[in-house]
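In the block that follows, a single chain appears as structure tokens, in the form predicted on its own.
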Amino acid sequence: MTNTTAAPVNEQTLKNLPANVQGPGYDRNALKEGILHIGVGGFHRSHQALYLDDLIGGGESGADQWAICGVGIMPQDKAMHDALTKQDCLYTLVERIGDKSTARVIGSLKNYIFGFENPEEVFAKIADPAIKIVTLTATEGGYCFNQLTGKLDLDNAGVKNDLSDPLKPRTIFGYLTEGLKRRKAANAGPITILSCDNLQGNGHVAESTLLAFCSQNNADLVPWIKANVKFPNCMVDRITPVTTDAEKTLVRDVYHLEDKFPVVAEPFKQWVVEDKFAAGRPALEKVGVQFTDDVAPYEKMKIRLLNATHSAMGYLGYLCGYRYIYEIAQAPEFIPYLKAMMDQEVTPLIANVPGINLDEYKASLMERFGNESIKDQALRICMDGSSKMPKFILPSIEEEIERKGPYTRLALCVASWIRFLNGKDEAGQEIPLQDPQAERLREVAQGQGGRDVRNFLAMEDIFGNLGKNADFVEHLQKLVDHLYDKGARATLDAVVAGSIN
């Protein structure tokens, strides 16, 4: 392509891509769909789809049998569906660090089904014998389980809908159950369900919640699933901000492509997978995926260090007036807080992680968080706190209480979340809240006694038994009161100085 006019991303443009854009080095017409992925967002497109694009492009024998059929099951997925279908399921992936960036068009996603409007197509695809793996990025809240018991929440509105109206599901369980029911009837063979969400033991969570759902109305499917479906655990990692107009403009101006839904990510990526598959798998070890017998140490490291520190930055950083993660990571007042939280309160809880130097890992996290070219919004990190807090922050607090260790910095993250839920920042500006329990949380935060931490800790499905620990309750209340009375920056300074401990 010799001119600078932006060309639409599609199959036709692949024949004449701009010189600074890499394209799929293979014939997409020869691809066969072997993977169904539910939840095609930015992360999936910057991570799993990229690994498969690398594998297929490397010419590995049989790799062309593992193309992806994407599925969107939420009403808001329509924008992704419309953009991708107009672009022949192609999109631009830009990797950025500093003032350097590279772009490529990813070709491993071959099809996209908007399940919210066409659930029958999704059921049929799960029942297709060519599909060997179903992968999931449903977010932490998408598994609809009680944070205290770890069991499926049968009172969840989506779960109740799917049990009463199985042909018009709203959760992953409704789609998976109906699809597997038809796969069983068609004798289409075993299949693997691979969760790629930030949950420790995500495969175990996917298995237990799906079996619990099936046991309600499809008990006869349970033994078939136990015999024919595998649920590997895995750990995934790549910082991938939400796509905004700025990313679309970047792709247009720098790479001369008109892309309705590009994705921008950091250069770093990691995928550690338990090697437990029911019907074969792509040879992803050829492109950097680590297969192991035990994912747990990697999961705990990532969730307790990366995800927890992200949350600590998100809530408190937003209250301090920052809007981007890189700003918070570079802020002189935040650096000692974040490093001390990781070093003193979290690292002692993490056992040996094979092949990982934890000091180097933590240093790399601070570098990644501070990447200015990744405009990761603090509000993205603040989403779904009711699902994230019990997984990223509270387990470390519980362990520190058990071992009589320090947890002030972790508790400050919880206090910041409680203050964040008030809905107004220190300047009186509205704080947007996106959370599966938003209504319930805001009702407590904005009601009488909204700064009384006991009213939050009474939500045992989120906080477990922490509300029964008098020392923790007193400590958390002190932090929340300080945030309200003195402000976020003063509270951060006090914790760093050790005047609140």
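This structure is a prediction, so every number in the text was calculated from the model and none was measured. All residue numbers refer to positions in the sequence shown, first residue = 1.
What comes next is about the form predicted together with D-mannonic acid (CS2), which is not displayed.
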Worksheet item: Quick one: of Val236, Leu284, Ile113, Leu211, which gets a non-hydrogen atom within 4.5 angstroms of D-mannonic acid (CS2) in the predicted complex?
Response: Val236
Item to complete: Using heavy atoms only and a 4.5 Å cut-off, determine which of Lys160, Lys86, Lys78, Arg380 is in contact with D-mannonic acid (CS2) in the predicted complex.
Response: Arg380
Discussion item. Whether Arg304 contacts D-mannonic acid (CS2) in the predicted complex should be assessed with a 4.5 Å heavy atom distance threshold; does it?
Written reply: no
Item to complete: Indicate whether Gln200 is a 4.5 Å heavy atom neighbour of D-mannonic acid (CS2) in the predicted complex.
Response: no
Worksheet item: Looking in the predicted complex, any heavy atom of Phe392 within 4.5 Å of D-mannonic acid (CS2)?
Response: yes
Practice prompt. Indicate whether His310 is a 4.5 Å heavy atom neighbour of D-mannonic acid (CS2) in the predicted complex.
Written response: yes
Item to complete: With D-mannonic acid (CS2) left out here, work out from 236-244, 418-426, 99-107, 119-127 which stretch has heavy atoms within 4.5 Å of it in the predicted complex.
Response: 236-244
